[in-house]
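One chain is shown next in structure tokens, namely the form predicted on its own.
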Amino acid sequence: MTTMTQRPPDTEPEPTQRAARAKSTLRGQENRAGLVLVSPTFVIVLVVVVLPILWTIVLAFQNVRLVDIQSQGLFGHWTLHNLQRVFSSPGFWSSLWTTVVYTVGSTLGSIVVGLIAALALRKPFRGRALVRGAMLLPYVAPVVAVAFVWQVLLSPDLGVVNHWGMNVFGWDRPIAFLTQRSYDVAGVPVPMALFTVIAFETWRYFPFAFLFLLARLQAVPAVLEEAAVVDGTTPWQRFRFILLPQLLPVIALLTVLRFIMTFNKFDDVYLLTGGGAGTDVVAVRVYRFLTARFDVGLASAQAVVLAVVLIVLLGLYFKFFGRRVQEEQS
């Protein structure tokens, strides 16, 4: 009679243990390989982004000028004097309001123009690829070049715009688009220089919105619009009830991205007007504090205030409009 020995129930077979150890070793190797691959990106972000932000915050709470920057230690004389000077400096609140108006106007303008261009170029026609490529020219062209072109076009003396306006539209005198703070249109004062800078920003960055919106429009099933046409809907109804709900997530994303980019914008405004004639945005003020006064602490405090205001505005946007976008999607 053959006797059979049973393996204790609390012990696993040896092949199963080897497989578990091999699986654990493989998982550890994958984790280490992932860390090795991520490490260069982490170091770059740390050096290029995180450390400058932390250093700016440190300088914002210290009285330091440009000549003292090398000898300034990390644990120097901390003070809130810079923040007090920022909020009490003349023109700060008007500059902040100008920044908000400039950002909102440029963001809405670029998205609206990009949406119109995407709707106009979504259907095939001869030469559509060439026209689509030309749409990207304002976005890919160097900002110095396009700013100089706008300055020449809008010049009161040599500009083509004023020449056409006086000879074709009957203007009584040239308009200084970039140096005139206010201009009366039908008795209503219009901030001319600020409006011109917003128009430039809209023209320059509408291709950014155009690419996003056109890509989303190409993904909308054609059967939806075909069924709507059979039901006898108007073009506005097809846009309002079919296309717009599909575009809302992309529009929300574009709004956030363009708001962040425009709120911190410096080069466009500085190249066109130098911050004069009512276009003194906060980013230009930071540059002036740093280059004209050589006050690194005050410039850093201004930059920190700008970042805090941007965070607050984005928080309000997500609180009141982010939920609406999610409801529209559902």
Partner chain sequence: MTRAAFQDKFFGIMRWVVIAGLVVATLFPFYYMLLLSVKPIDDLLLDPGRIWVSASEFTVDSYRSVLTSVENGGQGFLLMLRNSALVSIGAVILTLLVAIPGAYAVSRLRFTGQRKVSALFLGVYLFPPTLLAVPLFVMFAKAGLQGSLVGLIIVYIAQTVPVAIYMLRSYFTTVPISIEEAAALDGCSRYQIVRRVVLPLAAPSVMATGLYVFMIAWNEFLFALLFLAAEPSHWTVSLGLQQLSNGVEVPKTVLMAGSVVLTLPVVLMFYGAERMLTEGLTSGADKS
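Positions refer to the first chain, counted from 1. In this text, all values refer to a predicted model and were calculated from it rather than measured experimentally.
Although it is not shown, the form predicted together with its partner chain is what the next lines describe.
Peer 1: Please determine whether Y287 contacts its partner chain in the model of the complex, using a 4.5 Å cut-off between heavy atoms.
Peer 2: So Y287 counts as contacting its partner chain.
Peer 1: Evaluate G274 for contact with its partner chain in the model of the complex, applying a 4.5 angstroms cut-off between non-hydrogen atoms, and reply yes or no.
Peer 2: No.
Peer 1: Heavy atom to heavy atom, is T56 within 4.5 Å of its partner chain in the model of the complex?
Peer 2: Yes, contact at 4.5 Å.
Peer 1: Are any of the heavy atoms in H163 no more than 4.5 Å from a heavy atom of its partner chain in the model of the complex?
Peer 2: Yes, H163 lies within 4.5 Å of its partner chain in the model of the complex.
Peer 1: Of 113-121, 170-178, 83-91, 184-192, which is the one stretch near its partner chain in the model of the complex, taking non-hydrogen atoms within 4.5 angstroms as near?
Peer 2: Going through the listed ranges, the match is 113-121.
Peer 1: All three of L136, F148 and F266 touching its partner chain in the model of the complex at 4.5 Å, heavy atom to heavy atom?
Peer 2: Yes, all three are in contact.
Peer 1: Going by its partner chain in the model of the complex, which residues of 179-197 come within 4.5 Å of it through any heavy atom?
Peer 2: Read in sequence order, no residue approaches its partner chain (within 4.5 Å, in the model of the complex).
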